[in-house]
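Single chain ahead, written as structure tokens, the form predicted alone.
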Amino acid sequence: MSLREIDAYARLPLPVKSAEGVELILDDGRRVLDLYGGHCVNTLGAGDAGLARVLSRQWYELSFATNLIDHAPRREFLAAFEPNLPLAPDGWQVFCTNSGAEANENALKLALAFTRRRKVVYFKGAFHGRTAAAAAVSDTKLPAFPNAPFDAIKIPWSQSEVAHWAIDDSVGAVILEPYQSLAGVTEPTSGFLEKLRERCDQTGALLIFDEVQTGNGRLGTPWAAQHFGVVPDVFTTAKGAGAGLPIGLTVARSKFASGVPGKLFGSTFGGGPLVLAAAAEVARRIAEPGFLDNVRATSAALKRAALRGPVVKVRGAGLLLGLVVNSDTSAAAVRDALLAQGVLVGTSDDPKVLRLSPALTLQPSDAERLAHALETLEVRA
């Protein structure tokens, strides 16, 4: 009997041989425009020459080191990462792990340790990961664990009045995705994040932004805090921060991070030199003149291109977009039809919403391929 992988993924029939830039190259030589980007991971596209030089040099200099010693890539990462951060009067501190779920676990640990409370408010439609604490604040169909490690209170998304009454002085943390990606790129209503910030300030709860997907330049700003003008107490990121290498980052305002026991966090692989060399390169590239201008310009081009064929509405910002399809079809059927046209997009938990999360190096001219595919689409029911 041959070894089989656990059947966790419904994979697409896409024989990928290699990738270049924003394209996947199939076994037969056909090229597919990748508007999914590894699910917000491929920040710099496939085969980026600058990142390749950084990784090659780091591999030969110091590929791995225990967290018991310091190393130059850690210092270089901190120096590159800091200029992109939102303004905070007391500054920021960061802890490195390997995934978004770990980053969210640590954010929740920090909030509950600092406030000495055991209640967390989260939102309908949320997804924060599959580990125990992250799953406890995710709105999933199947419960991941028999019991939550704290009192988790789910409330409706983007309803300010409900949030006001749910967030009282017994709540230690409020966690949310600024755009709920898996739910279908659902947007916060005007003023909702500002009211959450105000209520957390009133009650002493810590406001946590899960920027695993919205961060690292994806919204056309370095972080959602700059996009919305609301600064959280803690934010997390992963995925695109390493441009293809596993990373998780928990970023907390210094006033809160300094009040947490030093032994609360730990990670064997988090903060390794190879990954931090990649993350430093991502941070530097995001800060380069014109980089985020291109994200915003490409976003505008994709929004114009997408509003045709079965797509009736576009949600989101930057290069995290949700395409709402009409009542006559499903997002999965449109995804499959687009793939037949040489364009890869993602779906979501909403059967009517496709997701676009391409490399941030996508160009406005690439949107024409999406427009052409949608105009000539043949969707099978």
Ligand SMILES: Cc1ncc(COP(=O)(O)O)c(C=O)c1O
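Please read all numbers here as calculations on a predicted model, not as lab measurements. Sequential numbering from 1, following the sequence displayed.
One more form of this protein exists, namely the form predicted together with the ligand; it is left out here, but the text below deals with it.
Remark: residue 158 does not count among the residues lining the ligand in the model of the complex, judged by a heavy atom distance of 4.5 Å or less. The closest non-hydrogen atom of residue 177 lies within 4.5 Å of the ligand in the model of the complex. Mapping the unseen interface onto this chain, residue 172 falls outside it, with no heavy atom inside 4.5 Å of the ligand in the model of the complex. In the model of the complex, residue 104 approaches the ligand with a heavy atom inside 4.5 Å.
The chain is drawn here without the ligand; in the model of the complex, the stretch among 200-208, 142-150, 120-128, 224-232 whose residues come within 4.5 Å of it by any heavy atom is 120-128. Just one of 243, 193, 212, 219 comes within 4.5 Å of the ligand in the model of the complex, counting any heavy atom, and that one is 212. In summary, among the residues 84, 99, 115, 294, the only one with a non-hydrogen atom within 4.5 Å of the ligand in the model of the complex is 99. In this stretch, 54-93, not one residue has a heavy atom within 4.5 Å of the ligand in the model of the complex; the partner itself is omitted from this view.
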